[in-house]
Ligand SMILES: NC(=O)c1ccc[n+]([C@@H]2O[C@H](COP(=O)([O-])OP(=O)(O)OC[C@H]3O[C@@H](n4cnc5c(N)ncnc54)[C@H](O)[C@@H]3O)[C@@H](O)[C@H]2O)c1
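As structure tokens, one chain now follows by itself in the form predicted on its own.
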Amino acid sequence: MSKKLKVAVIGVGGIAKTHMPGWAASPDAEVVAGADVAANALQEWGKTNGVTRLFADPYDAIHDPEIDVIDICVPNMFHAPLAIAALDAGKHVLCEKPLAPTPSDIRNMIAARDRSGKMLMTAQHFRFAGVSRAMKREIDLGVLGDIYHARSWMLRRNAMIPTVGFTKNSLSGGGPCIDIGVHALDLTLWLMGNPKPVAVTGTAKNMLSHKPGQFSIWRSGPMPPPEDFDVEDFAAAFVRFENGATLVLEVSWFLHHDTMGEDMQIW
């Protein structure tokens, strides 16, 4: 590239911390700005990462003429408006998963991408893991034959992230289904060759999160779920595809199975 792309991170807590090593390792990009409504967190992030251009208003970062790329790491409900504004301002956009909580939001984001001529990418990083790429090569070579059924699940043992950005529907738009389920589903569909779905049956339940004694061991647990927890804690779906293949998906934050931490399997 003729120049390094200048990146602004919007939402500097949580998942943004896992983005920074990737940006630091890139020879083609550098993080030069950050934006967050939490002033103390923003200042601390700036000091930690040597970034001095800090914005309390994310739209100031979006409209900064020196910024080339916007990295969106805020709660799900804010993905679409920020991404659309950034694309309309002529920026490339990397947006944390899920791309947005609703199909209509995503269609609007795609329309903004198309009219801007810029790139829009969601952070579905599971596709890039070595084991995923190796399996994809085997499938594409025909070694495994035709995939006519897939079982995909991502199940955590008492590992809910205890922040409102995940547990409050008005901010997250959903629970584990669009938090971790999107990873399992995206990877499975990619491995299957992205067949066209023709029918979906699903369920979303909140059966465990408010039971007496329930807890999460996320990083510094155990701790109880917040009282205003109002998203599902379990979801499952059955999908039929145009080519006759089928898929079963299961996701949860609170199961008491015998695998510590996070377990994702695709069969």
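Please read all numbers here as calculations on a predicted model, not as lab measurements. One-based numbering along the sequence shown.
A second form of this protein, the form predicted together with the ligand, is not displayed here; the remarks below concern that form.
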Point to revise | A38, P75 and E96 all contacting the ligand in the predicted complex, non-hydrogen atom within 4.5 Å | key: yes
Partner-free chain; cross-checking the ligand in the predicted complex, the single residue of I147, A85, I161, I110 with a heavy atom within 4.5 Å is I161
In the predicted complex, the residue from L120, A123, A184, L191 with a non-hydrogen atom within 4.5 Å of the ligand is A123
Exactly one listed stretch (238-246, 221-229, 207-215, 66-74) reaches within 4.5 angstroms of the ligand in the predicted complex by non-hydrogen atoms, and it is 66-74
* To do: Tell me, yes or no, whether V12 is in contact with the ligand in the predicted complex, where a contact means a heavy atom of each within 4.5 Å.
  => yes
Is K91 close enough to touch the ligand in the predicted complex, meaning at least one heavy atom pair within 4.5 Å? no
Test of understanding: in the predicted complex, would F166 fall inside 4.5 Å of the ligand by heavy atoms? yes
Near the ligand in the predicted complex, with a heavy atom at 4.5 Å or closer, the residues from 223-256 are none
